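One chain follows as structure tokens, the form predicted on its own.
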């Protein structure tokens, strides 16, 4: 199975997210991640949807998305021409100074930020490609992971390419 990323522009109003997620559910496809946020225009939101499947499934889902009345534009993004980012918050139990020192070093190597410190834990914010976050989480297994919260992928095409309204 391959991962596909859909960049979409939708009406920025209640119920649109439900319609999109229902369309995937009705066709028995799992959404790996979905992020939604306003664009430079207040009445339009950008939705980035990630799914795993076969090429023909992705093409079919792109066509189905286009049929939804609140979806203004859809584009199946080419990974080689797309910047993909994700944010994760990672809370780790660290009780001794040596573990704290190791954790701070790993965080610096991954260009992440420590955003909260308590006597027994540290919370780290890391942003980047999902593979970078996966690699960081793999290293964090040496500590006690208390919580992980990932935002899901957001993506935008490189250069002048864009998802635009016609």
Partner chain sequence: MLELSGSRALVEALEREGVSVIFGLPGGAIMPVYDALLDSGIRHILARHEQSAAHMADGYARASGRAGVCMATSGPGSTNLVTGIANAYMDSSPVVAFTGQVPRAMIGRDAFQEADIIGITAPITKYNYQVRSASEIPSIVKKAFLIATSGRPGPVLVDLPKDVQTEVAQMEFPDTVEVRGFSPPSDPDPELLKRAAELLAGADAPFILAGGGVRISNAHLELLRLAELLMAPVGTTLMGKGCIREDHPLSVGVIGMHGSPLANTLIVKADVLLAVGTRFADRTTCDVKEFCKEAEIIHIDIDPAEIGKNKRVRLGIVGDARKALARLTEELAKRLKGERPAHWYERIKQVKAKLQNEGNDGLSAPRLLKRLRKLLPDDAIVTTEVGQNQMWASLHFKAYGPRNFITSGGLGTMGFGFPAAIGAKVARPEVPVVDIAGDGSFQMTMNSLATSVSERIPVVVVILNNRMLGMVAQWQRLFFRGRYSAVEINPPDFAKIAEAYGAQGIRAESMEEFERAVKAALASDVTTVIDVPINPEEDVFPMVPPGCKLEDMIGV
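Quantities reported herein were computed from a predicted structural model and do not represent experimental measurements. Residue numbers count along the first chain shown, from 1.
Keep in mind the form predicted together with the partner chain is missing from the figure; the text below concerns it.
Chemist: Using 4.5 Å between non-hydrogen atoms, is residue 149 touching the partner chain in the predicted bound form?
Modeler: Heavy-atom contact with the partner chain at 4.5 Å: absent for residue 149.
Chemist: With the partner left out here, check for me: in the predicted bound form, does some heavy atom of residue 68 sit within 4.5 Å of the partner chain?
Modeler: Yes - in the predicted bound form, heavy atoms of residue 68 and the partner chain come within 4.5 Å of each other.
Chemist: So, residue 41 and the partner chain: in the predicted bound form, are they within 4.5 Å at any heavy atom pair?
Modeler: Within the cut-off, so yes.
Chemist: Can you tell me whether residue 26 touches the partner chain? I mean in the predicted bound form, with a 4.5 angstroms heavy atom cut-off.
Modeler: Because a heavy atom of residue 26 falls inside 4.5 Å of the partner chain in the predicted bound form, the answer is yes.
Chemist: What stretch, of 96-104, 60-68, 113-121, 131-139, brings heavy atoms to within 4.5 Å of the partner chain in the predicted bound form?
Modeler: Stretch 60-68 is the one.
Chemist: Only one of 72, 77, 88, 84 gets a heavy atom within 4.5 Å of the partner chain in the predicted bound form. Which one?
Modeler: Checked against the cut-off, the match is 72.
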